[in-house]
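The chain below stands alone and is given in structure tokens; this is the form predicted alone.
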Amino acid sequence: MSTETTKRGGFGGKLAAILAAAGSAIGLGNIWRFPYITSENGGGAFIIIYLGCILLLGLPLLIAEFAVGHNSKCNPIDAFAKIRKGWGWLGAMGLISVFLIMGYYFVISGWTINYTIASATDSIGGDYGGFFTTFTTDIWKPLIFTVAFILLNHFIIIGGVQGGIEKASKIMMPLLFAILVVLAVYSLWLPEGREALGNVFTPDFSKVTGKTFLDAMGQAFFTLSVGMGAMLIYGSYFKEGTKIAGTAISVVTLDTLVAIIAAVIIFSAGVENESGMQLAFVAMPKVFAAMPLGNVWSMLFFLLLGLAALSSTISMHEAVTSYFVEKRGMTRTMGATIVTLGAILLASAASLSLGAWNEYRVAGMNLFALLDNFTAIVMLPLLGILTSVFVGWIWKRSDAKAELTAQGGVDKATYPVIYFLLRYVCPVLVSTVFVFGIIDFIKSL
């Protein structure tokens, strides 16, 4: 085995760990999903419920995943197996899930490069929906940008934990926050922006239904990238003495802050009733076009989207790469290359399924939609349930307590609360999201 495989990297300090983990959590969903569901579910009323779900669901699960990684100092498969023999399959499920997510996530990420360039050159034109459809259904253009985005991840990953991931995070995250602040300040400078601020924080409980709580639980769970091994592998790179609970709280705070600021920006643009890809790639360019220096604001917005996507995808890529490096004894370069080539193949197929291969469907879905729905509705909730059960019921209680208290930074008074949430509350809440997600999916067929 080479020297490269025997030396395990790690983050240089607490700030690096927070920036990298926050980058993994902050993704496309913060910028286009959170604003939409906030508007749909009563603005400030939804935010109040969401914050409660973050405390009851998101934070405990994030702490749990950090704890497993920090304790084992291993890739996801070996991490679970080291703590309890025979449980490596749980880590394997996470790696399968994250690889499938990369299949469609890289495609959307590639679009942000195209839109950043098109905004900078003012070449989107006036037919925003037509530009989006023509581009995404084209054979070669989306593939070129998707591959370019994957290769960007590749070169960051082969740089190592400190030389690649940490260095990139220290550049990307401040830049992401700077762009976010610039867009938010400009939004609030507009009369519509100041009105939007009121819309974001004013509770409208008349819009609160049972679905509001499900949406809040779902967003709290999905936004933190738990259940796919990304946070686990980052936790394994924490230095000894890194306080897991404090790091998790910092990540949750930054993730929530980005989502709320994004909501202000989207609300001020008056497009909060759009959702998903239509909001980001059709509605927002149309709004920016009507503003002074619209191409500049549009370019900044898509650069923001691209940075949010990149900070998430490098953690996904690293989770799978760590398996080949540590479990298969490969060099980092070789392991990363295998993951990159696999991602290119899967993402290329997902991209083509939106156009040339759109006729090939499973349960009425093309490959792009299938990857999205299967991972979001089935894999991630199931992994969230199993992770909370593992920490709450399978991991030897004294060992879990030692990790979370003496080493993890959870004081002995708070530990029983965290343990109770992981043991009882999290499995129930995530199971609820899982069951209703399956029901909604079946109804949509």
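We number the residues from 1 along the sequence you see. All values reported here derive from a predicted model rather than from experimental measurement.
One more form of this protein should be noted, the form predicted in complex with a small molecule, which is absent from this view; the next part is about it.
Here the chain stands by itself, but in the predicted complex one stretch of 356-364, 218-226, 166-174, 152-160, 218-226, has heavy atoms within 4.5 Å of the small molecule. Although the partner is absent here, Pro35 lies well away from the small molecule in the predicted complex, with no heavy atom inside 4.5 Å.
Within 4.5 Å of any heavy atom of the small molecule in the predicted complex lies no heavy atom of Gly409. Shown alone here, Thr321 lies farther than 4.5 Å from the small molecule in the predicted complex, counting heavy atoms only. The small molecule is not shown here, but in the predicted complex it comes within 4.5 Å of a heavy atom of Met316.
Proximity to the small molecule in the predicted complex, defined as a heavy atom within 4.5 Å, holds among Val98, Leu304, Ala263, Val339 only for Val98. Among the residues Gly27, Gly384, Gly43, Gly69, the one placing a heavy atom within 4.5 Å of the small molecule in the predicted complex is Gly27.
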